[in-house]
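Below you will find one chain, with nothing else, as structure tokens; this is the form predicted alone, and questions on how it binds or moves follow later.
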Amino acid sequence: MSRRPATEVFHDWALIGKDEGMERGHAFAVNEMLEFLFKQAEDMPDKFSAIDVGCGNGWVVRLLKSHSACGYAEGIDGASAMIEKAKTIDPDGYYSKCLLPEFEPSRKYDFLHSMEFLYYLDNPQNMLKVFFEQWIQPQGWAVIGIDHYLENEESLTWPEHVGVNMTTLSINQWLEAWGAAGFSNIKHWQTGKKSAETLIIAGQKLS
């Protein structure tokens, strides 16, 4: 099968409603990721700002906005139809079509959340460095969910099955990339509703 840009694939998925299945499939892991972030928010003196990278139809942004300690949340995605759907569902929300790694944010955030995005890049390790340096406030956190990694054997067929390029790293390689990017207090765990398929990694920018 020929390979297509992931943004084109997800654009098509949004047109046929497949984004709703993605939301249901990722909800278990994302709820744990948000629970982690909301716990960190308890120690913040002010309301937090957050961005969801690869936001799809905006469902995580809406969950972030609903938290009483959230002062600002936005979502970005490279698939036009996903952003159009997010704006239709949440016309008052902040959603933008952005391609990474080229896009540069106009502000920094207390929290960066991303589920099932990073490994679609050719160099996710470098993107982590950019997140750390340009996207996250001092004392802020990034939490990222990854389903395609070396130890999740079922996921290794996905590039061919879906027809997109994916960067395959082991858990240790991911953790090394977070450390090399500058993150501290790095934590990781595996979770899932039926099996521990999602690798969640969180790290803090101390300064």
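What you see is a predicted model; the values in this text were computed from it and never measured. Numbering starts at 1 and follows the sequence shown.
The next section is about a form of this same protein that is not shown, the form predicted together with a small molecule.
Screening Ala73, Leu112, Met115, Leu128 for any heavy atom within 4.5 Å of the small molecule in the predicted complex leaves a single hit, Met115. Here the marked residues Ala142, Ile171 and Phe183 all miss the small molecule in the predicted complex; none has a heavy atom within 4.5 angstroms. The closest heavy atom approach of Ala6 to the small molecule in the predicted complex falls within 4.5 Å. Remark: Met22 counts among the residues lining the small molecule in the predicted complex, judged by a heavy atom distance of 4.5 Å or less. Although the partner is absent here, Arg62 lies well away from the small molecule in the predicted complex, with no heavy atom inside 4.5 Å. Using a 4.5 angstroms threshold between heavy atoms, Gly78 counts as touching the small molecule in the predicted complex. Stretch 120-128 is the answer when you ask which of 133-141, 120-128, 87-95, 104-112 has residues with heavy atoms within 4.5 Å of the small molecule in the predicted complex.
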